[in-house]
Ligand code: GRF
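The chain below stands alone and is given as structure tokens, in the form predicted alone.
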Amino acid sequence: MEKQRIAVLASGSGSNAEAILRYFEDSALADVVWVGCNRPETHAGIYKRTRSLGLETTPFQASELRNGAVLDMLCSSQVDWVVLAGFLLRIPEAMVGHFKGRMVNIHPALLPDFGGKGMYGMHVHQAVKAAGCVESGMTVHWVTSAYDEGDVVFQASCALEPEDEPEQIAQKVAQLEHRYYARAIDALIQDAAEQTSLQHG
């Protein structure tokens, strides 16, 4: 199978995107070939992170996501897989359909709990704290056109202490994300490659 081409979409600091880029740097299976962000460089740390790894981040507007321009960019870059890493906009139906079974998202809680519209970043960790949870974690799931409703692919959890504030919860969850997200993507791509070879075998 040809080396798979990954695109990463992010909205913020890009720490997960950086972890993914570093993970696939020496991979024989896949490469990150395109990174996009819906915020300008003045409002998002991802540009600096990817630049330090030799890849420029492409800025785009929310309207370009809706009108299909971003899908065109992905297609012209011959992208096979789309990975959302702290990306806050809803993915349009056409793009979901185009990358069905090849687009995943990460969520900073154990879905189906603490998911849905408005549940991102510190909002999630504050809700987890307010609910008095004894654990939290991260979820990798397939992307649908509804927030956080795609089938779960992978979860990892961490124990919470009663004195943990939302900031500490965020740190614990981020460690899990950086440790496992790229591995989960790798496993999905390997599974798909095996399925393809079985079909053509």
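None of the values given here were measured: they were computed from a predicted structure. Numbers follow the displayed sequence, beginning with 1.
The next section is about a form of this same protein that is not shown, the form predicted together with the named molecule.
Engineer: Name the stretch, out of 90-98, 105-113, 68-76, 127-135, where some heavy atom lies within 4.5 Å of the named molecule in the predicted complex.
Structural biologist: Within 4.5 Å of the partner lies stretch 105-113.
Engineer: Can you work out whether residue 190 and the named molecule are in contact in the predicted complex, taking contact to mean some heavy atom pair no more than 4.5 Å apart?
Structural biologist: Residue 190 lies outside the contact set for the named molecule.
Engineer: Pick out the residues of 166-190 whose heavy atoms come within 4.5 Å of the named molecule in the predicted complex.
Structural biologist: Stretch hits: a single one, 177.
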